[in-house]
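One chain is shown next in structure tokens, namely the form predicted alone.
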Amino acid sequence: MAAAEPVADEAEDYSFLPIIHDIIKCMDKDSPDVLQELNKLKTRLQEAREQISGTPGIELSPALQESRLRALREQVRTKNQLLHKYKSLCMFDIPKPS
């Protein structure tokens, strides 16, 4: 499984519309930059494919993903209940600084 990507990479914009818009503008102007813009789109698509294939759990079926999500939510709920329980026990007094 691939290592987790840094948060900055996850926030990267994978909108293809601005690049497609630039390609159409170049085509309307008969600009020689069309190939350059097409290469930008190709690169952006390849980056998106790589990020998708590196996403943890992508190889799992949707049903299995849902099952794991339910199990994890149940674990969180149980741990929160235990945390609240232990907080309310107050087994010893903590002296307050004066």
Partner chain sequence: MRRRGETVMAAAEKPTKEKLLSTLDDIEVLSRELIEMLALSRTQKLPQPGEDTDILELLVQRDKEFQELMQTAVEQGKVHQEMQALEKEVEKRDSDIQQLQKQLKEAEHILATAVYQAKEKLKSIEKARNGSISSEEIIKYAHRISASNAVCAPLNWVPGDPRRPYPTDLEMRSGILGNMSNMPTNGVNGHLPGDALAAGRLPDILTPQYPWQSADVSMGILPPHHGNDFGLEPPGHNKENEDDVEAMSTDSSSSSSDSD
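Given the structure is predicted, the values throughout are model-derived calculations rather than measurements. Positions refer to the first chain, counted from 1.
Separately, the form predicted together with the partner chain exists; it is not shown, and the next lines address it.
Residue contact check: residue 51 to the partner chain in the predicted complex, 4.5 Å heavy atom: Within the cut-off, so yes.
With the partner left out here, check for me: in the predicted complex, does some heavy atom of residue 65 sit within 4.5 Å of the partner chain? Residue 65: yes, in contact with the partner chain in the predicted complex.
Since only the chain is shown here, I'm wondering whether residue 60 would be in contact with the partner chain in the predicted complex (any heavy atom pair within 4.5 Å). Yes, residue 60 is a contact residue.
Would residue 35 count as a contact of the partner chain in the predicted complex, using a 4.5 angstroms cut-off between non-hydrogen atoms? Output for residue 35 is no: heavy atoms all beyond 4.5 Å of the partner chain.
May I ask you to list the residues of 20 to 52 that have any heavy atom within 4.5 angstroms of the partner chain in the predicted complex, in sequence order? Read in sequence order, the residues that approach the partner chain (within 4.5 Å, in the predicted complex) are 20, 23, 24, 27, 28, 30, 38, 41, 45, 48, 49, 51, 52.
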